[in-house]
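Heads up, the chain below is alone and in the form predicted on its own; it's given as structure tokens.
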């Protein structure tokens, strides 16, 4: 078991957030987390990534407790919906900052630039890139330390058709390379195309956990997109 979540909760003012939630994730799974806006999808990912401190509960990733944040940066790569990059720095400078944080050799930057077809943009400022290119840099940064787990919050949000296909290709290649992936999505076609398992959140609670084939036959799915 790669990830174990026990009684995880985070409640905001107004009552939204995540209720006492528990589930486990095996190595190599490709999990879509779905639900209406405000269901707790992004909150869950941000807690797993260490961006938000939970009110209660525990998470273990590859045996490490969630509180061990310095060690977890090598276990989890997180790609938020809006790329969390330094806009006035170049692509290369952004990658170098995180390579130093992870204490990685600078040769790893060259590998990421080549792997994600970013060599031509290495000196370009982030603010001058399209959203699709920013997303590519963000994914590359998340893979700098070669973590076993990748978290994506709405990976294709705001992207055109061609760039969406490119992001799907990157996700599939990462999964084929052995990564365990959890992603949030509002797109039924994205879920069908990528996921091997669905977690459906409703008002902060998991109300469905199973394979996509079963999920798309449920009345829950029909009402979600009605």
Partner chain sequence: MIQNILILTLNDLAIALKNKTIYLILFIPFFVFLSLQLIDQESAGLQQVKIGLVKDQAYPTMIIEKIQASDKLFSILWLNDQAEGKKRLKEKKLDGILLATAEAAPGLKLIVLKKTSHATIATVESLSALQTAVEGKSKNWIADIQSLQDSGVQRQTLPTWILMLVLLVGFIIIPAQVAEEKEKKLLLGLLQTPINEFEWLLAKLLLGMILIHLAVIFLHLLGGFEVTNVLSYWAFISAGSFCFSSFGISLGFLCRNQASARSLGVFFYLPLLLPSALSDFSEKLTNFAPLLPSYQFYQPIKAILLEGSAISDFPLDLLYLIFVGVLTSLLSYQLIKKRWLM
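Numbering follows the first chain given and starts at 1. Keep in mind it's a predicted model, so treat the numbers as computed, not measured.
Absent from the display: the form predicted in complex with its partner chain. The rest refers to it.
Between 152-160, 128-136, 67-75, 110-118, the stretch whose residues reach within 4.5 angstroms of its partner chain in the model of the complex through a non-hydrogen atom is 67-75. Contact with its partner chain in the model of the complex holds for all three of 87, 97 and 102, each having a heavy atom within 4.5 Å.
Among heavy atoms of residue 53, some come within 4.5 Å of its partner chain in the model of the complex. Using a 4.5 angstroms threshold between heavy atoms, residue 181 stays clear of its partner chain in the model of the complex. Of the heavy atoms in residue 195, none are within 4.5 Å of its partner chain in the model of the complex. The shortest heavy atom separation between residue 49 and its partner chain in the model of the complex is within 4.5 Å.
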